[in-house]
Ligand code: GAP
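Read the single chain below, which is given as structure tokens and is the form predicted on its own.
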């Protein structure tokens, strides 16, 4: 009965914190909103997601590479990128208790309106017109003002040198472009990927693990010749593929060819959209009904984005469709800004048809919030059944490949179980050994964290050199020879 009183989000969070998936950072000192720790199991899921992302997107082109950069950068970087001027959220403050809120979130929650793109005067007017009060103490709210979300830090002994924690990983490839273009033999398109931590001083983090102050992004910046934006060497492979698009308040399936010919969305952009969709539906095995692209209009998207589709997932724990990433055509805004701010030429010269061509490359950005995607996996693959709760992760994302149990702690069964456990560990499997409690409770514990396979060593194992393999989803059991475990687990894992 207790479970019925809890929401799905609360049930997932109970398991996540109890079993070592995620939990608040520094919690013994009183955790701060927006900062979380990946526990031992959560780290395994995160790493598996990142490796799937890395292997999939870096294989799209032989000239795509991964780099790793510092998260602390000079002030001048963010002056040139526009972050110090434009990286802001609307803030309102209670006159009485001085609690601060994101004005847009407050208005959306209270009025159920889409207020994307509204300026501070319009937001303030909505608060006044609807006589909105502080949700905490019912005090009056101050006028809306914009708040810069960047974290600044003092560097050096005197503290006079101010630098900033990066609010997005994208700046690293832009700053590295000149060197990487030369190092990779001056070829376009050139893709530079970063998986790393970024920092945003959110006014009021909420939605648990979904909106954080320190989080991880996986981004691929693709530098290309703008004259070739309506070309892609593999266009014929994707032109008849249908993309799931939310447009005009309707969900539609539209072929790439139709999107190109009727809506004039470039082939280069559409090719990469199909690959993003393929990653979610085929690699991550997200149900199609829970995935869509949503195009942002001119008021919603950043001014430098010529085309902007959000990647959205329908998450029950968060009340509907939520952004998990995006596909952004950023034009030459970024390299152009850094060329001007640094006084360093970031143009490229390419010999084409016996002519020398000089230009600033344009950028197509594939951006993903790693933590948001991890939470999406917990939401989508969580199940409640009559006698158990479980995560039915795809095999490639399950944190544990196999759990090993002796049926009882006597009669040489623990010795055989430990031998099987160590052999699988040496063969590269992620395995867990458990000899505590009844076999039924051990199964339930592994189901709860998403372990696909449970291996039980029983009395028949002594005679037959085999184990009982139990499947998480069906709970069916089969006998497998110990010598064949590696082959069978590899088949299931992949």
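Since the structure is predicted, the reported quantities are computational estimates derived from the model, not experimental observations. Residue numbers count along the first chain shown, from 1.
Missing here is the form predicted in complex with the ligand; even so, the following discussion is about that form.
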property: Three-residue site 54, 65 and 182 fully in contact with the ligand in the predicted complex at 4.5 Å by heavy atom; result: no
property: Selected contact from 79, 120, 168, 300, since only one has a non-hydrogen atom within 4.5 angstroms of the ligand in the predicted complex; result: 168
property: Sole residue of 143, 202, 225, 231 within 4.5 Å of the ligand in the predicted complex, by heavy atom; result: 202
property: Residue contact check: residue 323 to the ligand in the predicted complex, 4.5 Å heavy atom; result: yes
property: Contact flag, residue 377 vs the ligand in the predicted complex, heavy atom cut 4.5 Å; result: no
property: Interface membership of residue 369, the ligand in the predicted complex, 4.5 Å heavy atom rule; result: yes
property: Residue 304: touches the ligand in the predicted complex, heavy atom cutoff 4.5 angstroms; result: yes
property: Proximity to the ligand in the predicted complex (heavy atom, within 4.5 Å), stretch among 238 to 246, 214 to 222, 348 to 356, 415 to 423; result: 214 to 222
